[in-house]
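Only one chain is shown below, in structure tokens, and it's the form predicted on its own.
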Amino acid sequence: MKREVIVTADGSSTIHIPEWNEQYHSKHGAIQEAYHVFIKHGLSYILEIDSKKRLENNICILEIGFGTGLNAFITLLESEKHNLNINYTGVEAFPVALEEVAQLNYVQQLKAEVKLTEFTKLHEVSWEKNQVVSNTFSIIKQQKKFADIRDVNIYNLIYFDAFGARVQPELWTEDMFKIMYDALKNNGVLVTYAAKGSVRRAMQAVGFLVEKLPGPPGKREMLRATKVLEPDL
């Protein structure tokens, strides 16, 4: 399937799939969307609600899917900024080619030229093996379909950044969110740019407590889902 690198409204690049008329990130601003959805309402949120516990332990994050590496890169920057220990798992069935990565302008747009080596390393490290990228950030990239995830009670946070339900409805079902629910620890959080009623209902059906939040530029709302288990009696 043809892919082309384009520039979004905030000046940052993304990958566009003409056949689907779909982008890896919002055309209204790739970096703005990533920070709003995954950092502000994801990483910063879990630190805010349980800062002492989170800072004393490794934070485990699962990304659905790894794509251009933007979400991983800004999370790496946040880990160094706040001295967090982050173990990051990025799942991707169809990895972006290094030739495409070379056309992405995230390092320049984020004024993070001193971290060019780390951004490059995110894409060049081998798959299926845990890799240390910086003093505060390690990653394992897994090449597989999201439906094949079998992790249980591992993650504090999930970045659910799959292609939209318009083009891949099978990724936004109860079956998929049950996999996500099982993968999270108790009180773990899933954040996504999506806000469709069918998505919210699918999350609720598997046990998530779901909130509607203000969306990033170009979207009115987004969703945050929390796994809350009943205490043992």
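Quick note: we count residues from 1 along the sequence shown, nothing fancier. A quick note: this is a predicted structure, and the numbers were derived from the prediction, not measured.
Below, we turn to the form predicted together with a small molecule, even though it does not appear here.
Visitor: Which one, Val133, Ala162, Leu77, Leu84, lies within 4.5 Å of the small molecule in the model of the complex by heavy atoms?
Guide: Checked against the cut-off, the match is Ala162.
Visitor: Please pick out the stretch from 202-210, 58-66, 42-50, 183-191 that is in contact with the small molecule in the model of the complex, where contact means heavy atoms within 4.5 Å.
Guide: This holds for exactly one stretch, 58-66.
Visitor: Please tell me whether any heavy atom belonging to Glu118 falls inside 4.5 Å of a heavy atom of the small molecule, as the geometry stands in the model of the complex.
Guide: No.
Visitor: Leu171: heavy atom within 4.5 Å of the small molecule in the model of the complex?
Guide: Result yes; Leu171 sits at the interface with the small molecule in the model of the complex.
Visitor: Does Asn156 reach the small molecule in the model of the complex, with heavy atoms at most 4.5 Å apart?
Guide: No.
Visitor: Does the 4.5 Å heavy atom contact test between Ala93 and the small molecule in the model of the complex come out positive?
Guide: Although the small molecule is absent here, Ala93 would touch it in the model of the complex, with heavy atoms inside 4.5 Å.
Visitor: Quick check: do Tyr35, Thr89 and Phe137 each get a heavy atom within 4.5 Å of the small molecule in the model of the complex?
Guide: The answer is no: none of the three residues contacts the partner (heavy atom, 4.5 Å cut-off).
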